[in-house]
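Presented below, as structure tokens, is a lone chain in the form predicted alone.
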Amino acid sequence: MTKPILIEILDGVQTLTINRADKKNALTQEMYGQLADALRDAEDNPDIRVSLITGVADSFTSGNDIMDFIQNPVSGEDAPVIRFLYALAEVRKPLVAAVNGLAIGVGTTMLLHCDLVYAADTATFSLPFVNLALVPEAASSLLLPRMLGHQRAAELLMLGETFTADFAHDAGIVTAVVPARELQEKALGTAKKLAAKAPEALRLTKSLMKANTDQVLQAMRTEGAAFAGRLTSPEAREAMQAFMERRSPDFSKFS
């Protein structure tokens, strides 16, 4: 059976590869749990200096597996997806991302917590939460307006339209855009450079830059409560039904 999350540790770099190509690397609760555990375990493993997240085939991740979320609703802070989001906010070691393709929803919001993000020139991004009658997560409602200003953040979060790697770079979501064939080499090479540096100095530097962790966690909790409420809303039911029927949702009956 194919493992949905591949974990490799080499030269001080832990590479976490989302490996579910047939579902565009959509994330299940089980996969969130594996990612959360890997990031947490790396904190206490001296053989790991840096973690790198990437995906297989043409997708980084298409976001949440909708059917899995319907069948396994999030409940409490022990839910795998919540543990993953908290891990993103709290890990002290450097975190690098190599966005090899489609990055939808959490595929984009997780990047706001990475220290360095490299994207293939063919990668595309979107934050379609409102389109699914949901709300943003991963503290993106806090972090994106800080990065972009209210209007540009509103364009991404309220319209939910697809944007390019170049736009993501201009917005500061992505460190650099590279040709797709060079992506893994670039991201892994950078991760190895970080792994060779003084580890405590790196951790302290990261903690100084992320001094607002408590505020980020509080934003995640606030978003999480709103997100959980939205999952059972009539609007969300219409959106999920439309998704499964492969049609556009009809929100005209809601006020």
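Small disclaimer: the values here were computed from a predicted structure and weren't measured. One-based numbering along the sequence shown.
Although it is not shown, the form predicted together with coenzyme A (COA) is what the next lines describe.
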Among V174, A98, M110, L102, just one has a heavy atom within 4.5 Å of coenzyme A (COA) in the model of the complex, namely L102
Coenzyme A (COA) in the model of the complex has a heavy atom of only one listed residue within 4.5 Å, and of I53, L39, A26, M220 that residue is A26
Just checking whether R247 would be counted as a contact of coenzyme A (COA) in the model of the complex - the rule being heavy atoms within 4.5 angstroms. no
Is F129 one of the residues lying within 4.5 Å of coenzyme A (COA) in the model of the complex, judged by heavy atom distances? yes
Hey, in the model of the complex, does G224 get a heavy atom within 4.5 angstroms of coenzyme A (COA)? no
Do I66 and coenzyme A (COA) share at least one heavy atom pair within 4.5 Å in the model of the complex? yes
Given 203-211, 41-49, 55-63, 186-194, the stretch touching coenzyme A (COA) in the model of the complex at heavy atoms within 4.5 Å is 55-63
